[in-house]
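The chain that follows stands alone, in the form predicted alone, written as structure tokens.
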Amino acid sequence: MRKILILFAHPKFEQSDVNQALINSISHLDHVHIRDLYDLYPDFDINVQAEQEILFEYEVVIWHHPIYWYSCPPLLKQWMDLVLEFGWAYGPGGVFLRNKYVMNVVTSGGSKEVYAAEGRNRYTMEEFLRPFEATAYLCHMRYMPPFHVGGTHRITKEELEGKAKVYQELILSLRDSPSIDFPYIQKP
């Protein structure tokens, strides 16, 4: 059974029915640890050593966040800038994340149709998440395809319940499957 670390970053979590449903669907699962970065670091003063030590314990890391201006909220970016240090996460001696699995779980107001080459945003969600993929590659991590819940402003209760169930099933699969076998995994 793999241990999963959810690095959750949402500056307005209390206003997000979608993220609350997603988090609630996995919050009771054994071997799944949710770290709410905005709760832990409201002043953005990240304890780098503590975060690095926590990463040692987990085989799967999930960056769970809403899409803010085609990226992540600022605290998750700061977390990445500080915690994924040269000589620790990458570069000479930077071996501590090698072969860990990582993925993005993202929510967006825009639907999947908006995040397409022919859509209003002109690019797919995968293209907007390329910096995360590049970061994973640099850190010798195994980057998995993102899980995206789009159209959050218009999602129905039934659709949200379905997405939360799929998210829970994904987490259970990552935790319990003998091997992680996605159609595409960026290998280090």
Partner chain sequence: MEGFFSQAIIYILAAIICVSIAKKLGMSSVLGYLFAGILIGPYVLKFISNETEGQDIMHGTEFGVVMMLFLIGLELEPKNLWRMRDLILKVGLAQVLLTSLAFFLIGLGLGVSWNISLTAALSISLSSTAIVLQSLKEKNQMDSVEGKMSFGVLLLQDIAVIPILAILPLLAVNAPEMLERNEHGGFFDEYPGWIQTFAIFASIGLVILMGKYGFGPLLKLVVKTHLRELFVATALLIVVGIAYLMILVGLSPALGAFLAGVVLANSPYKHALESDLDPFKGILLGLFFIAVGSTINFSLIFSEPIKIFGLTLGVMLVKALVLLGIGKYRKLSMPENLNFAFGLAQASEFSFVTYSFAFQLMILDRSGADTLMAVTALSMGLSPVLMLILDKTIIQKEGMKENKKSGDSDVVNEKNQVILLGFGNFGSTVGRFLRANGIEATIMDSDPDQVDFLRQMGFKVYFGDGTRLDLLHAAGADHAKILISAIDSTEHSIKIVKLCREHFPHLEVMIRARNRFDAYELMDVGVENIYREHLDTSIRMGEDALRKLGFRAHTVHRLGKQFRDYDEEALKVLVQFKNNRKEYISKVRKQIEMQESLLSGELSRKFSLNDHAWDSEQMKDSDSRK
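Computed from a predicted model, the values in this text were never measured in an experiment. Numbering follows the first chain given and starts at 1.
From this point on, the text means the form predicted together with its partner chain, which you will not see here.
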Give a yes/no on whether Glu118 approaches its partner chain to within 4.5 Å in the model of the complex, heavy atoms considered.
-> no
Do Glu113 and its partner chain share at least one heavy atom pair within 4.5 Å in the model of the complex?
-> no
Close approach of Ser71 to its partner chain in the model of the complex, 4.5 Å, heavy atom | no
Does Glu158 reach its partner chain in the model of the complex, with heavy atoms at most 4.5 Å apart?
-> no
Only one of 37-45, 144-152, 128-136, 56-64 has residues with a heavy atom within 4.5 Å of its partner chain in the model of the complex, and that stretch is 37-45
Every residue in Gln78, Leu82 and Tyr90 with a non-hydrogen atom within 4.5 Å of its partner chain in the model of the complex?
-> yes
Within 93-110, which residues have a heavy atom closer than or equal to 4.5 Å from its partner chain in the model of the complex?
-> none
